[in-house]
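Heads up, what comes next is one protein chain in two forms, each shown on its own as structure tokens, labelled structure 1 and structure 2.
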Structure 1
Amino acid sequence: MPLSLYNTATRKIEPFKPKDEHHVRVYACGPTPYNYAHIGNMKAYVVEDIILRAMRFLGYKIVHVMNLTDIDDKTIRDSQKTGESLRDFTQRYTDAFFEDTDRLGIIRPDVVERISDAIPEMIAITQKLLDTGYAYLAEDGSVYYRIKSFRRYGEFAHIDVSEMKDGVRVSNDEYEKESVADFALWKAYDPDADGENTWDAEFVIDGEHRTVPGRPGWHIECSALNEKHFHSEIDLHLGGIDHIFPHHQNEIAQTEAYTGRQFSRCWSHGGHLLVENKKMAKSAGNFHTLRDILSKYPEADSGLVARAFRLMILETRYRDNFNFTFERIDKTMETVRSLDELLRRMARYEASGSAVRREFREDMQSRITRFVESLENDISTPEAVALLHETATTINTGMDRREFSMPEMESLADFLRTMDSVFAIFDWTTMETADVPEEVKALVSARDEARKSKNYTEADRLRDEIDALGYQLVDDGRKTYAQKK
């Protein structure tokens, strides 16, 4: 059975058919780096990571491009408040963003590009839309997209624009369905709001050369990056459901008017993270950052909280909304602890014999098939997580009875590793450090603390002490741990 995915464009689950399985072109809308991302944003990036990990596991070769919305009403407004340049200001929050995604085990995209580095592409697309009548320069000095000129406008987002008056315009990047209107491709320079953040676009309008100072609108950036990296033709476009309208509807209108062909073969949208049934959002004031959550659990290893957050997301189907509560994260942390304990037990288990029983082999095969099928079924992670729990129980019970041989234990560990290539919730250092004495582990934690407080002399001294006890430090990207030399 091939991979089936829910396609927002058709509102149906369909076989996923990239043009080339060895070069699957994926675009994901990236963050607006004007502050720390909240865990609702992070849910969107975890969901995307799970979808792409599942696709890689199923054999697809992915090329994943993501933008950074560094030019935006909010980045400009807040950089001016701090007196920093737009680049320095957004770089700070971009670094914080990737610190969070690394903590959450999210694989970084192959290409991450600031949209301020794709201005020529935005101008070129806007020029072509002006030439073909899809865009016009308005009296306010901005260039707008004329939605009436795109016959299928509204089809993707399921909105009816037939009753709409011509020439109604909206210049904000974000707006509700009720405000559907011609939207800005290039916004005229506003000296009060934009300060030094202005770019000169050279347009030819009705045969006349015009210099239009200003900055790009939000939607055109993603069309521009898709043109730059994929010639405006991709296999999968990712984002949160709040992006269906206006953002993705507008990306489609721009790109398809520009090229005359289909932009993305499939569109997947992640559901929202809610708080008391309301979408978590900066503007609603009901948000927590990952940093807030970590600081609520000072005694817990930060990796544990991050892994619990991932597991919570995996327990829900990616396109469903789910309610975040602290009770839920507490409960999920307990589950993650029990998975760590499972690995610890497996590392210490003394196997009986070396035979691989036939019923064991058949059982393993059926588990692998179930795992593959759960992913092929629109990436049904709740099914895959149920299989993980069932397998954990089987392993624990089998260990109680000492019924597994060494090769059987190895294939069970391999199966857990296989599942974890998609889940990324296990701490494999638990297995690798099961035999490391508490004394050495305490030295590793002390060294982490010393490094955090930039006391490098003390950190080096602790490393020597660990070394003298016969252990070496290993860094797996998420965590440093000690291993016998």
Structure 2
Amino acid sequence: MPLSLYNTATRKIEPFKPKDEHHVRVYACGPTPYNYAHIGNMKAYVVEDIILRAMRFLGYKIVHVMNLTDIDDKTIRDSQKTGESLRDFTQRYTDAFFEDTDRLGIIRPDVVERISDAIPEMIAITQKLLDTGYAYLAEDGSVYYRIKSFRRYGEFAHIDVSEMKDGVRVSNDEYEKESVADFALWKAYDPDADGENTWDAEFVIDGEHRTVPGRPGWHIECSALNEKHFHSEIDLHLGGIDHIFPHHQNEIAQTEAYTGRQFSRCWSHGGHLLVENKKMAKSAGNFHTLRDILSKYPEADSGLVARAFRLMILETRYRDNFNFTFERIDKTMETVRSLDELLRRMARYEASGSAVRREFREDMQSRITRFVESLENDISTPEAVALLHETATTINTGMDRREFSMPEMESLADFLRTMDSVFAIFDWTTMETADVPEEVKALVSARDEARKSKNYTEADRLRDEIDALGYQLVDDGRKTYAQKK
């Protein structure tokens, strides 16, 4: 059956129908790099990665674009506190963000673009909205979107705007969900708040050329990048449920007013992250970044903790709320360790015979079918993870009985790799390095330390020593390991 996804726009599960299956256009809201991302942010990006991995596995050719909100109330405020330029300040936290996503096995988007590099597109969209009456220049010098001009405003988010008073405006980048108001497309320059962070927008308003110093509002940025890369027509828009209103509702209003066409064919939103069944907040003392979580397990490999966090998310359907607890991650780390031990056992298993039994072939075909069906059914990862555990039990039991032939064992390993193309929770170095001598492993560790210290001469010498012992270095994106040549 075809892939079915829950579409936030229609509030129902329906077949996913891109305009062109060979070129699926996907946009996801990216981070605001003003601090380290918290685990709620990371959960959202893991969910998006799982959805896209599943789609790629099912044969869709994905083009994935993500923004970086480097111009924002918070980035400007905090960069000024540190005395750094906005570019340098946001670059530091952008680097940290991608370090975290790499730890979590998240595939980087095809295009990642700062909104500061899309200012011309934002100005062009704003100008057309001014020309068509969807936007206006207010007395405070900012350009606002007139939401009552968009007949379907509120439909997507199920917000009633009928009681809204005309002239109510919100100029800050983010506002409470109760606030239904005209929102800023272009914010007038505020020397006290913005400092040196200002751009000149040339607008024609009522036939008069006007230079409006300022900066873009929050919502216009995503419309601009979609126009720049997809001509404002995409197949799937991803994001967290907290973005439905105001951000995604406003994206729809300004983009569809600009083009006169449907913006996105499907909208998929990940559920909230809770901590101990409560909303995460600094005031509640339950606010955590991924780095906080890793620091609580100093004796554990950071990759193990990250893989456990990812597995926890896989155990919950992407659009359901996810409850984080330290008790749960402790248990999940044990599960990940057991999967690592499974790979070690498989690497050391001495097969009996070379035949492939008919019942084995039928069982494997059933497992593959079940895996595909779980993904096609609105990316049902809990169902897929249950199949993984069932398969792990089957493999361990079969190895205890020494009933698998070598081709059968290779088939089982291939099936685990197939599932892991979506899960990304296995450490395949466990299998690859099962028979690597401790001497070689020590050389690999020493080379890693030399590279971290930028002692590249020593790193090259150690690489040559590893090579002379008959092993080659392999980098899987998370760590470097050695395997027999």
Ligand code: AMP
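Here, rigid core means the biggest group of C-alpha atoms that superpose within 1.5 Å across both forms. Keep in mind it's a predicted model, so treat the numbers as computed, not measured. Structure 1's sequence is the ruler for residue numbers, which start at 1.
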Mapping for form predicted alone resolves to structure 2
Exceeds or equals 2 Å, Cα of K441 between the two structures, core fit: yes
At a 2 Å cut-off on C-alpha positions, does A450 qualify as shifted between the two structures after fitting the rigid core? yes
Could you check whether the CA atom of R25 moves 2 Å or more between the two structures, using the rigid core for the fit? no
Value in Å for the CA shift of N286 between the two structures, taken after the core is superposed: 3.1
